[in-house]
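In the block that follows, a single chain appears as structure tokens, in the form predicted on its own.
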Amino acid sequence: MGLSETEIQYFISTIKNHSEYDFSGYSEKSLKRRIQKVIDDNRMDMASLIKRLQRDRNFLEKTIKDITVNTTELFRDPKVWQDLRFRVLPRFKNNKNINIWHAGCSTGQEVYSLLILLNEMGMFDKAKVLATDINEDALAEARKGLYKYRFNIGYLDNFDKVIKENPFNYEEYNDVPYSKYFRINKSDDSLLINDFLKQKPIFRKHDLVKGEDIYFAKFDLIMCRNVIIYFKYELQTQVFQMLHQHLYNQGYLLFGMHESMLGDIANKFEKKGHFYRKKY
């Protein structure tokens, strides 16, 4: 038997009363699944989970991290990255700077994917990159830039599709070696991002739910992929408003493949394929 709505509400209020985190705007379906996993992993029931959350601050922090961690990959959804390369980023070619915010960056593979793409386009030096997440463990992993090689083998195909190939000109092929951007060690199953990429982004803890102030005032491009899918409609709208405020006019916003913008706020954007461009 699954968790009841009352149990989920009890969990949410316990977290709210014992920390600065608020999960009340999260989709119950995804929250339910993640709470159940915490219960199963710790071999306890809901009552003992609540008791432990109330008295053990470290366990509470760990539980929050387990619930907020999201998976991310190198060049996830290559078609989106091809659009970025050929349709979106060229618009900023003549800018003095390009301000980019990865909101909900998780363990950072998407941050490094974009930096690799910018470098290939000769736009790396112009980029100012902020990457934020609520989960400090994920941020620590992002800063290290050290990933499992076997997990990423499939995503090296994505690298090839985005960096080496041109979908608009099949005769064009850029033979870019992986070693230009990361070091692969098959024997210890590691893929380590090269230092010049790791030194570029500013990684910061930030809670989208609270809409806390962020580092740069305005951005040309905001990537917020596979984050809002976990939020209820009201919280999504709140986050959309905040992202809108932080975009320059004509700036671009990108969500995950299964995420879209609903409600009146959508009128302030023009939908361009996978992207939303701010109108005013």
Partner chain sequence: MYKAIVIGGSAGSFRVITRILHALPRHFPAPILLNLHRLKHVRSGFVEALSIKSNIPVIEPYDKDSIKPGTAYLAPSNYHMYIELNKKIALSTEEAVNHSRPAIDLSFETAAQTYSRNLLGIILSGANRDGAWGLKKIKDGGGTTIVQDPKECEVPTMTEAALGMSQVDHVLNTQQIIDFLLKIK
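Small disclaimer: the values here were computed from a predicted structure and weren't measured. Positions refer to the first chain, counted from 1.
The discussion below concerns the form predicted together with its partner chain, not included here.
Enquirer: Out of the stretches listed (164-172, 127-135, 68-76, 108-116), which one is close to its partner chain in the predicted complex, meaning heavy atoms within 4.5 Å?
Expert: It is the stretch 68-76.
Enquirer: Is every one of R91, Q241 and H246 within 4.5 Å of its partner chain in the predicted complex, counting heavy atoms?
Expert: No.
Enquirer: Is I229 close enough to its partner chain in the predicted complex to count, meaning some heavy atom within 4.5 Å?
Expert: Yes, I229 lies within 4.5 Å of its partner chain in the predicted complex.
Enquirer: Give a yes/no on whether G154 approaches its partner chain to within 4.5 Å in the predicted complex, heavy atoms considered.
Expert: It does: once its partner chain is placed as it appears in the predicted complex, G154 has a heavy atom within 4.5 Å of it.
Enquirer: Should R57 be counted as a contact of its partner chain in the predicted complex, where contact means heavy atoms within 4.5 Å?
Expert: So R57 does not count as contacting its partner chain.
Enquirer: Does R43 make contact with its partner chain in the predicted complex, using a 4.5 Å heavy atom cut-off?
Expert: Residue-level check for R43: no, no contact with its partner chain.
Enquirer: What residues in 21-43 sit within 4.5 Å of its partner chain in the predicted complex, counting heavy atoms only?
Expert: The stretch touches the partner through S27, E28, K29, S30, K32, R33, R34, K37.
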